[in-house]
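One chain follows as structure tokens, the form predicted alone.
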């Protein structure tokens, strides 16, 4: 028994997911799990649908040329909503671009899928930040699941870690490095590059966008911290409910002075309770070198969860990349598939 999957968005993340399906297909089938990708739809690259399953190798080849609509056989030309509601997919993977102001187009895609009784897995921060409780209620009403492991640390497990490995534990607070771009810039500044030089290097390597505002002003890390607070600490916070300061005011001299005092500057996102109220703060901090977070360098991310049962638990991993985010979709899908097939 298997699951039929429709993939909405076939950029780096979607292609990372498809590559993993190809790599792991035989191994999964040996475990009794069959992932059948029946539809792919991308605004720029085109779409293809075959109820019996698409040739993933061919889809990847065509996606690299933005020519998915030239897929031989099956049906082409479907828009995202038709792909979600008019195909035989029972699981929809939403991997389009992120808009933290409106959540669109992902919000509409996810809402349509849940309303059509399709399970949904997404790596898109926008809808999870803006509409989490609404989408969770919609999923529950329609007897399907809404999963989003990849919205904070990409393929590095966060929500699955808390749910599966820390059952019965209360997350009292968390603090972490949630943005690889700023962490890379700070690392390069320690090596002597100015902020402007480090930013240009990050852009050259593809770590930073042409407009890096969301990263360097702390807004991306803030969005992730808000999602964490809402999901694992039961808050209902929005963008206006956090303190946020980026790294643009830091200079090489500041980082060197911190090091000489046995500390290292990091952009730290924190979730905590103050008089019973959950709060979120993002700001550069001087972290003692004895702290696990001080030694997270380059594009790595990390989170330390403070629990009421076993104290602090820290997880470290890459927080960005097509393969990494693709793995978040992949891991959620495997977990969901096992649950579906056992019912």
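Numbering follows the first chain given and starts at 1. Predicted, not measured: the structure shown is a model, and the values here were computed from it.
The form predicted together with L-homoserine (HSE) is left out here; the points below concern that form.
Only one listed stretch (244 to 252, 201 to 209, 111 to 119, 138 to 146) carries heavy atoms within 4.5 Å of L-homoserine (HSE) in the predicted bound form, and that stretch is 201 to 209. For the candidate set 126, 80, 155, 180, a heavy atom within 4.5 Å of L-homoserine (HSE) in the predicted bound form is found for exactly one residue, namely 180.
Although the partner is absent here, residue 220 is a contact residue: one of its heavy atoms lies within 4.5 angstroms of L-homoserine (HSE) in the predicted bound form. For residue 215, a non-hydrogen atom is located within 4.5 Å of L-homoserine (HSE) in the predicted bound form, even though that partner is not displayed. Shown alone here, residue 319 lies within 4.5 Å of L-homoserine (HSE) in the predicted bound form, counting heavy atoms only. Using a 4.5 Å cutoff between non-hydrogen atoms, residue 224 counts as a contact of L-homoserine (HSE) in the predicted bound form. In the predicted bound form, no residue of 282 to 298 lies within 4.5 Å of L-homoserine (HSE) by any heavy atom.
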